[in-house]
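Just the one chain here, the form predicted alone, laid out as structure tokens.
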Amino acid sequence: MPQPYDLPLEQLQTYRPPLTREADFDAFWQATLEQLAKVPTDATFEEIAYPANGVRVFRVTYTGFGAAQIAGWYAEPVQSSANEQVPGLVHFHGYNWSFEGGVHDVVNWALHGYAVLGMLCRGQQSSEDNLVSPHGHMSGWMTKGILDKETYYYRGVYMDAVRAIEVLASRANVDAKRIGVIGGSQGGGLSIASAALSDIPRVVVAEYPYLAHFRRAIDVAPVGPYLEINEFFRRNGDPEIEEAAMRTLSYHDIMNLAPRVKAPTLVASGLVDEITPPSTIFAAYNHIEAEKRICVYRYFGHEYIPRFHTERLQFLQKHLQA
């Protein structure tokens, strides 16, 4: 692949396309949050045996948007005092990418001194997806309910993510004033979205965030789940269908949500990332008005970036453990 295949870095640094928000954007999300608030949380924690010293591990269930039963994993460091409170993290996984439910990732973060709740996205891994799509959609979740903002799949996922933050903040041993949200790809997008829709997070870490700047993503992404949207348009050639779908996506575009983020934010982008093109990441990042920093990796794509792991450890330590 050419290095880079997207815009040159000097253009990415200033790439800030106009927001595509509809006039009722904020009102839609406020009404959605109010709808979530009417649903009892009903969180349960079932401790399991896990082969690691210094942590306790639990299966979690809670009631998410539309009364869906959302599953996850929770791990916490063994505390020296019953009154001790620790910082917390909510961890979001990648698109259809959560082997064993991501329990080992959750435990690893707990071994760094955090109480961690790993949410499993509805329909993708163990969690119930009870949102009904009134029309057909492509395989996967990108076009499920896409013709109406009320029925779109990610409306429920974003609210489940907000509820996950609330569940973690309710734990007696968690300092609710020291909670961060982290994730890569879809998980990075959910980190930004949930921080935009909840006042609880005090820090955001988003590694090559997905769900950003849909209009450009479907034009330049050569591979990956953005192309589910392209295939939906191939199968539904009516221009009015495309217009309705793009209008729905505008409500869920993290570029449009980015200005609502208030917490310090750390973002990563690889310049040869074919799944989340760098320009889509910078489009969202450049609209964040909070304290922020982006780490750019010239030779990396949509993959584990060892150097960024060090960066995020330092960033979280500074903001949550200092």
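The first residue of the sequence shown is number 1, and the count goes up from there. Quick caveat, the model's predicted, so the values are computed rather than measured.
From this point on, the text means the form predicted in complex with a further copy of the same chain, which you will not see here.
Asks: Check S250 for me: does it contact a further copy of the same chain in the predicted complex (non-hydrogen atoms, 4.5 angstroms)?
Replies: No.
Asks: Is the gap between Q11 and a further copy of the same chain in the predicted complex 4.5 Å or less for some heavy atom pair?
Replies: No, no contact at 4.5 Å.
Asks: If we define contact as a non-hydrogen atom of the residue within 4.5 angstroms of the partner, is S170 a contact of a further copy of the same chain in the predicted complex?
Replies: Heavy-atom contact with a further copy of the same chain at 4.5 Å: absent for S170.
Asks: Under a 4.5 Å heavy atom criterion, is W141 part of the interface with a further copy of the same chain in the predicted complex?
Replies: Because a heavy atom of W141 falls inside 4.5 Å of a further copy of the same chain in the predicted complex, the answer is yes.
Asks: Choose one stretch from 177 to 185, 157 to 165, 214 to 222, 195 to 203: the one whose residues place a heavy atom within 4.5 angstroms of a further copy of the same chain in the predicted complex.
Replies: Looking at the partner contacts, the answer comes out as 214 to 222.
Asks: a further copy of the same chain is absent from this chain, but in the predicted complex, do K38, T61 and K262 each have a non-hydrogen atom within 4.5 Å of it?
Replies: Result no, not one residue of the spot touches a further copy of the same chain.
Asks: Taking only heavy atoms into account, state which residues of 125 to 141 are within 4.5 Å of a further copy of the same chain in the predicted complex, ordered by sequence.
Replies: Q125, S126, S127, E128, D129, N130, V132, S133, P134, H135, G136, H137, M138, S139, G140, W141, in sequence order.
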